[in-house]
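Here we start with a single chain on its own, the form predicted alone, put down as C-alpha cells.
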C-alpha cells in the first residue's frame, strides 16, 4: 500500500487562454488530514475536480490511491468519498430514502455509521430533505459520503454557512473518520479556525500555484510577524529577504516573514526599520499573509518533505 494518498505532478489547467491551475506539485500522505486553502478563484475546486477525474488537466497528471485520476474505474471511485459545496439532495426524499438510494451503489455500506452520523447532527430518518436546515443537509451529505467506507475523503467547502454546533459536529466526524490511521482527508475551506483544529498538513494556493505545502506545525514555527516604523517608501520592502506580506497599520508597518534570521534583521536595519518588535505568527496570521500577498505567485516558503 502506497504511503501517498494523493499526488499531483506538473498539474496545469487552462480555461481558454487563462491558466487557473499552474504547474502544481504536491503529495498528501496517507492517514493525514490536509487543509487546502486559497481565495475564491485561485484554483482549489478545479484542482479537486481534476483529482477525482471529473475534469481533465491541460498538462501534468494526478493520482489518488495510486491510480491515475483519469483512469478511475467505478470500483476505484467507490474507495473515494467526495462531497461538494451545496450538499445536493433530492427535496422530495426522506433521509431514510436518501440512504436507501445511495446504499445500493456501494458494496460496503455501513448503515450504523449513517445513523450515528445523522444523530450527531440531530436528524431523524423520517425527516424530509425539504425540511432540513443547511447544517442538517450538510450532515446528511456527510453521512452518505462516509457510510460507503471510503479510504479517501475529499470535501470541498463543506462547512460553508454552518452554525457553530454543526461545524463542531462536522469537524468531530472528520477526525473520527481518520483516527484509524489508514484513511485520508483533503478539506478545502475558508474557515481557518476549523482547519487549524483538525488538519495536520496545509496546502495554500496563490494565483493557481502551491505557495505552501508543509505540516501545520512547521508553518507556525517558521513564520513570524514584525512591527516596525518605516517611511512611506514601500520599494524598500523588496530588500527584505523571505518577506511574505506587508501592510500598514497607522504609522507602523506589519511584516510577515518566514525563517527570520540575522540576514533579515540586517536588512530591516538598512532600510531604516526602527523600534522592531517580533512575535511568532498565529496560524491564521500566517495563512492570511500568504493569501493576501501581492508580490507574485512564486512561493517564498520552501516546502518540507511529507
Partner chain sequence: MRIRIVAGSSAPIYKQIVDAIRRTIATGELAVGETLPSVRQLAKELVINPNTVAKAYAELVQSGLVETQAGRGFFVTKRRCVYSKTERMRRLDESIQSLIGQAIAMDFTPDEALDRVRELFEKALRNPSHSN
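Being a predicted model, the structure only gives us computed values, none of them experimental. Numbering follows the first chain given and starts at 1.
The next section is about a form of this same protein that is not shown, the form predicted in complex with its partner chain.
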Location of its partner chain contact in the predicted bound form, chosen stretch of 203 to 211, 165 to 173, 140 to 148, 68 to 76 [non-hydrogen atom, 4.5 Å]: 165 to 173
Any of the heavy atoms of residue 130 lying within 4.5 Å of its partner chain in the predicted bound form? no
Contact test in the predicted bound form: residue 235 vs its partner chain, heavy atoms, 4.5 Å: no
Contact between residue 220 and its partner chain in the predicted bound form at 4.5 Å, heavy atoms? yes
Contact test in the predicted bound form: residue 196 vs its partner chain, heavy atoms, 4.5 Å: yes
Taking 4.5 Å between heavy atoms as the contact cutoff, choose which of 105, 111, 179, 91 touches its partner chain in the predicted bound form. 179
Of 63, 258, 33, 253, which one comes within 4.5 Å of its partner chain in the predicted bound form, counting heavy atoms only? 33
